[in-house]
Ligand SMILES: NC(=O)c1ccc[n+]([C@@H]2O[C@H](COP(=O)([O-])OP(=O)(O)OC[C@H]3O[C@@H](n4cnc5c(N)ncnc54)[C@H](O)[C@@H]3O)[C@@H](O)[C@H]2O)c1
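Below, in C-alpha cells: the form predicted on its own, a single chain.
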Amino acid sequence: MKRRDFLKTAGVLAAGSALSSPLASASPLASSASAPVEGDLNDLKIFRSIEAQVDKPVTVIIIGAGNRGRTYSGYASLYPRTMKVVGVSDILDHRLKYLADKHDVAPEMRFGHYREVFASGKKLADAVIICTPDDRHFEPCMKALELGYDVLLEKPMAQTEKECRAILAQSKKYNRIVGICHVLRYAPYFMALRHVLRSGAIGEIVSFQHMEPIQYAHMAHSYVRGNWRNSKETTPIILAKSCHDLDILRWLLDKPCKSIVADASLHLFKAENAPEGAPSHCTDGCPHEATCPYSAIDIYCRRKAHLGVFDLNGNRDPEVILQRLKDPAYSSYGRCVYHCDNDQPDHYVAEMVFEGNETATFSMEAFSPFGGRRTRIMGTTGYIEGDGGTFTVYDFRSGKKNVWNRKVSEIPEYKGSGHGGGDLGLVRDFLEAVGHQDPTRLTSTIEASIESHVMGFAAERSRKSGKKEKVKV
C-alpha cells in the first residue's frame, strides 16, 4: 500500500470500539460536524512493518559517515533483503573505515571527498544518501541527480533558497526522486496526530501554538560550540534546527503558508556576558566551572552527554573524554560558551498565517531543561495538547478527553529508531519509492518539503527586516 493511501485509511482497520469512532472515517480537516472522540486512540492502525516492500535490495552510497550516515545505513543491517550499502564517502579516515568495514564495502567503493564518488561519471548504485554538513549538501546532490541517482538528502537541503529551488529544478530535469529527511512526518506520534486532525475530531482548525525546546546543554553543544554555531558557515538556526517544526506545522494543517513574521536574538552566549576570570576553555582552570550549567567538563565528562562527536569507540572514561576536550581536533567543544564564534539566536519566535487564515505561533527556546516538541491545537469543537510522546484530545460538547500515549519504544520493530520511530520509517519509505520508482510512497519528497524551507528563509528575512514576509513557493 502506498504511504499516502495508508495515511488516508489508517484507523479504518482499528480494532474494537475504535471502529465506531469518528477517527475511523478520516474525514476532511475542515469538517465541523465531527462527533466526540470515542474509542481508544492507541487502537489507531498507524503502525505497519518497518521492512520495506521491494523486489530486490536497493543499493546505496552513504556520503557522510557521521551520526546521520550511520543511522540511515543501519537500516541495511536490520533488513539486508531491502537495502545494501555498496559505497561510503567521508573525509575522515576513521569514520570512513568504520562504516565501510561494517557494511563490507569493497576497497574501490571507499571514497574520501564526495567528489570522488562522481569522478568516473558513472552511476555506481541506485541511490545516494547525503549526510554531509549543511554547507555541503548542494553540490553532491546536484551532481548525483545529473548522473541519474535518486537521493535521500539531509535537511536543510541547502544553504540558500536559490539553491533549494535549483535542486527541485534538477530533480525535475532528470526525473529523479529526492527525499528530504523530515523524519518527524514518519514518527507514529505525528502520524497519529495528523490522522486525528484529518478526522475532524476537533472541528475546523483555527490556530496552533508550537514550541521546540532545544534543552540548554544541547544548545551549548550544537549551536554555541558545535558544527551549527555559525549561520554563515551552515544555515540559520530556524533551518538548521527548526525546519522540522515549520514542516510539521505545514503538514499537520495541510494548507499552504501565506505569510510569516519573526523575531529572534542571541541573548546569552556572547563575550560581554562572560563571568569575570572565565578563560577561553573550560579546561583551562575556570573559577566558575563547578557552578556553570554550560561547563564542557560537566556536560561531557560527568554527564557523558553528546559524546558522538568525539569518536570514542565506546570508551566513556572521564579522563579519556577530558583529553579529547584538550585535543586540538576536538577543542571547540571545550570552549567557554561566552568565548565562541557563534551567532545563532538562542530564542526565536515566528507567527504564520495559512491559506484559510488559520494562524500558528512557533517558539524555539534554548533555555529549557527538556527537549521534545510541545504543541497546542485549537479547533472549533475541540482542543489538542501534546508533548511529542503523548497527546490529549478534548471534546467541547461531551466534555470527554481521549489520550494517545502509545510507547513507540515498546513496538519491537521501532525499538532503537531515533526521532520517535521516524528514522526507520523514513528509510523504509525512501527504499520503496526508489525500488518501485514511485515518489508517492514518500510524504517528504522535495516537492512537498521545499515549502518549509521557503518559510524558514522568509522568517530570516523578516527577522532581519522587521517586516512581515509573504511565502511564495
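Start at 1 with the first residue shown and count on from there. Keep in mind that this is a model prediction, so the values were computed, not measured.
A second form of this protein, the form predicted in complex with the ligand, is not displayed here; the remarks below concern that form.
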Proximity to the ligand in the predicted complex, single hit among 91, 320, 166, 206 (heavy atom within 4.5 Å): 91
Candidate from 183, 350, 220, 144 lying within 4.5 Å of the ligand in the predicted complex - any heavy atom: 183
Options 269-277, 362-370, 390-398, 109-117; stretch whose heavy atom lies within 4.5 Å of the ligand in the predicted complex: 109-117
In the predicted complex, residue 424 touching the ligand (heavy atom, 4.5 Å): no
Non-hydrogen atom contact residue 179 with the ligand in the predicted complex at 4.5 angstroms: no
Residue 154: touches the ligand in the predicted complex, heavy atom cutoff 4.5 angstroms: yes
is_contact(residue 67, the ligand) in the predicted complex, heavy atom dist at most 4.5 Å: yes
Neighbours of the ligand in the predicted complex among 327-356 [non-hydrogen atom within 4.5 angstroms]: none
